[in-house]
Every structure is written in C-alpha cells, then in structure tokens.
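Shown next as structure tokens: one chain only, the form predicted alone.
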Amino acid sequence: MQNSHKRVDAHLSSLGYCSRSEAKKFLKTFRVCVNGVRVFETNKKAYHSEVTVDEIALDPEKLTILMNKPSGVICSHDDVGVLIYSMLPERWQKRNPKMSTIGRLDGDTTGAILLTDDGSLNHKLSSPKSDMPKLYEVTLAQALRGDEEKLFSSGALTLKGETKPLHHAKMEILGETLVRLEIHEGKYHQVKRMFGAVGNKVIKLHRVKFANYAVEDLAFGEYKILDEAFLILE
C-alpha cells in the first residue's frame, strides 16, 4: 500500500486538492492536520496516512475506479464532446499523474471501464499480453445465421486487415439477435468487426465485465473505487 513521505503541499497538489502555489491559502481555508495537529506550513513533511483535510483522510495515492460508461461519452483527454473524465469529481480531474482509462470504449459503447492514475497498472492491463477477459452483451441488426459460435471459438477467424487469427472467443446465445461474447484481446472495433465478418452489424454494444469487475450494480455514469488491497485481476 502506498504511503509516501513528502511535503504537505506536495501531497495536496498531486491529489488535486490545490496547486502548489495555492497550498498556503488552502491551509488557511481548510483544516489540514498531520497526526491531528493543524498545520499552516506548506513545507511540513508527513506520511500520506498522517494527513487529513477537515478530519477526512486524503484520497488514495493511487486511484483506480470502475465506471459504467454511458453512451455518447468519449474516452479521451482531448476531443470534441462529453469526455469521460468530466464525469469525475473536479479534484480527481486535477490529479498528477492524470487519471486515464485502461483501454477505450467507443462513444456509442456502454459498460465496464477502469480508470486509473497508476501508470504501471494501466500498462499491465492494457498490454496485449495481459489476456484479460472482457464480456460484452451484443445486440445485432439481423438474426444469427447459426455458425457464429463455432467460428468464434475455433481460433481460425482472421479479421480484414489482420494477419493473425483471433484467439478463441466464447459466445452465449440469448436470443436470435442478442448474444454475450467473451474475448481476451482488444483489437480496434473487434466485436463489431467479428460480426461484420459474418455479414451482421452490431447496433448496440455493452461491456458487462472487465476481468473480474462487473457493472451490474452500477447505473450508467456511476463508478466505485477499487480498493488497492483487492485490486486483483486474473
């Protein structure tokens, strides 16, 4: 668990409470304490776990959240439209390092997405070698033709523009135009391209689960912090 020892203004600025230049004013406005004793000196050194603001512990040093992404929200720091980071508390938007999504979901795709400011975790989970399962609920424009489940699980399907076949994928049929599909890769528009390869079109795509994390208990736009002690992705 993170518990760094540094100046109070460094703690506050890295977690988005204020900038370094605003720290002195912040200490006058809010009751910042180290081990219960209020401090006014920005250069006072303390461990993260010793600092409170208005009697509330500081936000985690490394923050990872699970969000149920709504449709129309874009996974980008710099784009036109509603950006996913605008849905976070203002303080989290000012963290340094920045919060970033682990992978991306298209603007019209909804569901489970992780956001973190932990660069090593992001790299680990977004790497092609991570083999993280991703479960999608897929609504199709046309009825299934019947051979999709066998083809997707065969490990023989090669998408247009690719040179290597996809890994094995599991498909569960829920209706003639509704399926659940589990993949372990994250190729560009992969699910849409898979169904395009069999002459169908995805009209609605929802990621139910990323690794062990499901969003069934979250409304669209809601999120929850993943406790560092239980952030186990297998």
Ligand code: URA
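We number the residues from 1 along the sequence you see. Since this is a predicted model, take the numbers as computed values, not measurements.
Separately, the form predicted together with the ligand exists; it is not shown, and the next lines address it.
(message) Even though the partner isn't displayed, in the predicted bound form is Met171 close enough to the ligand, meaning a heavy atom within 4.5 Å?
(response) Close contact is absent here: in the predicted bound form, Met171 is far from the ligand, nothing within 4.5 Å, heavy atoms only.
(message) Check Thr101 for me: does it contact the ligand in the predicted bound form (non-hydrogen atoms, 4.5 angstroms)?
(response) Output for Thr101 is no: heavy atoms all beyond 4.5 Å of the ligand.
(message) Is Lys204 near the ligand? Define near as a heavy atom within 4.5 Å, in the predicted bound form.
(response) So Lys204 does not count as contacting the ligand.
(message) How about Leu105 - does it come within 4.5 Å of the ligand in the predicted bound form, if we only consider non-hydrogen atoms?
(response) Contact check for Leu105: yes, within 4.5 Å of the ligand in the predicted bound form.
(message) By the heavy atom within 4.5 Å rule, which residue out of Leu63, Val191, Leu27, Leu166 makes contact with the ligand in the predicted bound form?
(response) Of the listed residues, the single hit is Val191.
(request) Quick one: find which of 27 to 35, 182 to 190, 54 to 62, 40 to 48 has residues within 4.5 Å of the ligand in the predicted bound form by heavy atom distance. (result) Of the stretches listed, the one contacting the partner is 182 to 190.
(request) Heavy atoms within 4.5 Å of the ligand in the predicted bound form is the criterion; list the residues of 107 to 141 that meet it. (result) Going through 107 to 141 in order - heavy atoms within 4.5 Å of the ligand in the predicted bound form - the hits are Thr109, Tyr136.
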